[in-house]
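In structure tokens, the next block holds one chain alone, the form predicted alone.
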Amino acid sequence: MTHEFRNVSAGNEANEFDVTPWSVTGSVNYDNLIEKFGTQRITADLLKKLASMTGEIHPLLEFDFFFSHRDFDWILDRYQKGENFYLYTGRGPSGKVHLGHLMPWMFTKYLQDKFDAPLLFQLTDDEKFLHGHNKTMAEISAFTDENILDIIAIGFKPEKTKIIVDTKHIKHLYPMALEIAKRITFSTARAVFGFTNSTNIGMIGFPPIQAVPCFLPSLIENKPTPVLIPAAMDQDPYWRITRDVAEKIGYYKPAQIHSKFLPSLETSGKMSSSKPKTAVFTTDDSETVEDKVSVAFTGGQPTVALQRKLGGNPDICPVFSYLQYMFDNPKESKERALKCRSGNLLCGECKQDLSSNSVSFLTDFQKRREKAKDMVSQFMYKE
């Protein structure tokens, strides 16, 4: 069954939000999103099963940043029975990489390390040219080259990781894309993605290209091979139509584990490469990071006195989210939340913690990013 893809409303105008593969706006209600997309919550039992295999629960799971899945339990079952799986994730290179992009990649690296899993990393430069960004292919190609450095800097194993750039590797993608495209009708694509009469035909024909890495491992291994996709929830529509055709062409349905969106430094929505002030980029210098964090929205009160009296709200605070997901350990995060709510912690203190942690992280990351320039050929996909 193919679920229709439409914007998801939380129930009233003030709380409306939209989630599409190309944009996320508003304050997302993740329970509503699970119901609309037809996915499953990651349960305590599933985490317990994973922990029995890895020896721990990753903080991004403990903090519920990865919160939803399709067939993640099935992937673990297959692995326990001796069947290895591939990982597949990607990036649309429309701009610079920010911290919100890094978190699913970091979790993907964790899975690669724990399960010794090969990874296919797809850069959809074609989609970003086609989808209304008003950028030339030369501009997209420049961002692609820069984004590859960020991917390598995460620390993926070069012998286990292959990067696919759609326009450079299309000869490897196109035969399988044809098999997929032949089995997806326009009415299905229109229902899932909301295509209209004004949608360019390049976008209408693109979804099968993004589906191909779900099945490339089966071609590489010469047998049906399980694939797990760690990615943000906005990309789920692509995998829905892929799952619909998988068994028709003799392969497993791809499994997914979905992340939330790291919030914008402004009041709502996710970080965006197209809005530089809302995000911390991997190439930002220390002064830029400090400037952005200093003016970030918080869940605090208008004055110090009111903050001391009433406390703050970490649930709506992007500064708290950054610290929780990227820098604090679970114990530190719980203590930070308690102090915030009780009025014993001021927003300026959290901003200072975020600035110092971000600068330290980026200093190290940028060194690895520089070294990545000599490693690109090791990571590029070859038949």
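The first residue of the shown sequence is 1; numbering continues from there. Keep in mind that this is a model prediction, so the values were computed, not measured.
Missing here is the form predicted together with a small molecule; even so, the following discussion is about that form.
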Any chance Tyr238 has a heavy atom within 4.5 Å of the small molecule in the predicted complex?
yes
My question is simply whether Asp234 lines the interface with the small molecule in the predicted complex - judged by any non-hydrogen atom within 4.5 Å.
yes
Given that the partner is absent here, does Phe281 sit within 4.5 Å of the small molecule in the predicted complex, heavy atoms only?
no
Determine whether any heavy atom of Leu119 comes within 4.5 Å of a heavy atom of the small molecule in the predicted complex, and answer yes or no.
no
Per-stretch contact check against the small molecule in the predicted complex, the hit in 99-107, 293-301, 67-75, 175-183 (non-hydrogen atom, 4.5 angstroms):
99-107
Note which of Phe143, Phe115, Phe195, Phe261 lies within 4.5 Å of the small molecule in the predicted complex, where distance is taken over heavy atoms; exactly one does.
Phe261
Name the single residue among Pro208, Gly312, Gly90, Pro217 that comes within 4.5 Å of the small molecule in the predicted complex, judging by heavy atoms.
Gly90
